[in-house]
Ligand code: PMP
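Take a look at this one chain, the form predicted on its own, written out in structure tokens.
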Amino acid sequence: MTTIYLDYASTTPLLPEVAEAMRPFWAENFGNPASAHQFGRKARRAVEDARELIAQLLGAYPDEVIFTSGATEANNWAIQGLVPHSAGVLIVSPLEHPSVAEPVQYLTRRGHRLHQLRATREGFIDLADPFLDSLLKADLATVMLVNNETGVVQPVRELVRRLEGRVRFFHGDAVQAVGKMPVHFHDLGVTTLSLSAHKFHGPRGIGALLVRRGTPLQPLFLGGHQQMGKRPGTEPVPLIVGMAKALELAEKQRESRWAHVLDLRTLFLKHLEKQAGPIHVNGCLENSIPYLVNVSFPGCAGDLLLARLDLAGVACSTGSACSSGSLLPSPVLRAMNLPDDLLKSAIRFSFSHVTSEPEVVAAAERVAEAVAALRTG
């Protein structure tokens, strides 16, 4: 039995072209980019070329791109580095990834006041929340661009404009958006934006935080001059080169990848509805990226269904990989006020341009068999 991987929202395999772009910087061009000799200069040039390319692709200036170990670091840095030490007001979406939600909770324990926005049943931030009109002043607002559990695209640009002049800083988690849909840092109007390479077929262990020029962002780490003194530590040249190459490929192929994955999602849901019904799609399909879909199977326990699917050779998840050890229902789906039968039977399936039609058809058949066994057992 061939295992079918449908958990690309968690991580993606490295593309061969990306591995080849990285290869010389593991061995021949191994210099430290902070060194003044020719080995170091060659490594420095690779880092700066990658920075310029990423900036160009994401609508930023090169000096606004700061490399991190991934989006978890970038999210923590933005939230803790932008907010002043004195107690202030934080605005957060209830649909955020744990790497945003937990730093926010940490700040509330230090005395900051928190307002959590409302979410709609369709998986959007509720722009009708009366708090948005009554707000006088806040230090930070943070809302992700694309939800990591439902794929719903959030109205970030609209929210930024609505809060203009009343919120000092705005952070956006763009992990599930970058490499899949158009992302333009300056057009969004956010102060900071996070991304992670392994979500778009780049290497693990590398990400970036885009920081608008002139932003007083306090560093998380001390002990080096690298990256303008904002993020010290020797830059991992192969990983940086790999991220830039993966993003370049994703942008060049974005439209064709999107069309292929949209066909896959449509085909997958069609077979699920026919063979595993009743099902319920959580989140608004019309305003989501096609790369992931969250489906509830009433009458099934999500954790038991996940275990059966793993045994049946289908790799998927019940939500964020960073909280997959939890047996509690998804906070994201709970914030959407889903009834218990949908909340407790939800599974996230996610696709890639490397996924094939036969794979999604076979996966749907295996899902149907597992669902039927649980419903009759």
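In this text, residue numbers run from 1 along the sequence as written. Predicted model only: the values in this text are computed from it and were never measured.
We do not show the form predicted together with this ligand, though everything after this point is about it.
Next item on the list: Please pick, from H97, H112, H201, R231, the one residue with any non-hydrogen atom lying within 4.5 angstroms of this ligand in the predicted complex.
Entry: Checked against the cut-off, the match is H97.
Margin query: Give me the residue from N148, Q154, S296, T191 that has a heavy atom within 4.5 Å of this ligand in the predicted complex.
Written below: Comparing distances to this ligand in the predicted complex, the residue within 4.5 Å is N148.
Next item on the list: Look at the stretches 169-177, 215-223, 249-257, 84-92 and give the one with heavy atoms within 4.5 Å of this ligand in the predicted complex.
Entry: Result for this chain: 169-177.
Next item on the list: Could you confirm whether G70 comes within 4.5 Å of this ligand in the predicted complex, counting heavy atoms only?
Entry: G70: contacts this ligand in the predicted complex.
Next item on the list: Flag N75 as yes or no: does it have a non-hydrogen atom within 4.5 angstroms of any non-hydrogen atom of this ligand in the predicted complex?
Entry: Looking in the predicted complex, residue contacts with this ligand include N75, since a heavy atom lies within 4.5 Å.
Margin query: If we define contact as a non-hydrogen atom of the residue within 4.5 angstroms of the partner, is I125 a contact of this ligand in the predicted complex?
Written below: Taking the distances in the predicted complex, the answer for I125 is no, it never comes within 4.5 Å of this ligand.
Margin query: Can you tell me if L306 lies within 4.5 angstroms of this ligand in the predicted complex, counting non-hydrogen atoms only?
Written below: Because no heavy atom of L306 falls inside 4.5 Å of this ligand in the predicted complex, the answer is no.
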